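One chain is shown next in structure tokens, namely the form predicted on its own.
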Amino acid sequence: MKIYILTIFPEIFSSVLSCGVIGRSRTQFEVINIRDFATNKHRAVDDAPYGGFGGMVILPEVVMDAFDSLPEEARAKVIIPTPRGRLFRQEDAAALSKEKAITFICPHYKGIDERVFELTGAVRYSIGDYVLTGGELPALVMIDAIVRLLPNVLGNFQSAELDSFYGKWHLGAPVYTRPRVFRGLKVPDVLISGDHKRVLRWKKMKGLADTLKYRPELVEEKKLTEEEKELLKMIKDKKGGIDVRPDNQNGRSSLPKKGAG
């Protein structure tokens, strides 16, 4: 895969793209400085918005000149991070990981001239219901989510398959490592039982329990499988012989009791 990034702050990307999993991947990155395409003597890339109300908007001509300089492959899949886009999800990362080339155009200041979206056919993505100073950080978030799903990037792809939202609507389970007891807190017994089926069931149940606690809106977003319905019922009824809240370590669930507010 090759990823093109158009930005007025290329220095933001230099360290991140060379570190960790992204740095070890075979992904090719080309970061293009939009400011290099400014034709005025001050290399200005923005101007005041029509209609007033403050802020500065990135000029369409500098962005499109930078975009037009890219090879044909870079124009097939274009993404512009914006709070006005749809929420970026794991299934989007999985689909984009199959692309040969992706181009990110990073807005900044008040935003980017709307005609850039139309001329490039860009897909709009948001990483959350908040506003940042620019599109560079959202682009990096999406790049990280995409690149880690490329073949042979992760040492053990099962790690990705157990992530939150990977092929499922609910959160993933918490993880533990050595030592078995740390500052009085124990690793849940099921995880050291050696019983793979029990461990897998615990992970599903704990993921569902945490979804109810931290992201209850997700439970209503998609249809539940019969197994998920059964597990959720067991969680709510506090049945099943499994500690769905292992962080308590005393066997008691921290889910609200029936009738509790």
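Residue numbers run from 1 along the displayed sequence. Given the structure is predicted, the values throughout are model-derived calculations rather than measurements.
What follows is about the form predicted in complex with a small molecule, which we do not show.
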| item | value |
| --- | --- |
| Stretch from 75-83, 183-191, 90-98, 170-178 whose residues place a heavy atom within 4.5 Å of the small molecule in the predicted complex | 75-83 |
| Contact assignment for the small molecule in the predicted complex, among Val123, Val153, Ile127, Ala145, heavy atom within 4.5 Å | Ile127 |
| Interface membership of Leu119, the small molecule in the predicted complex, 4.5 Å heavy atom rule | no |
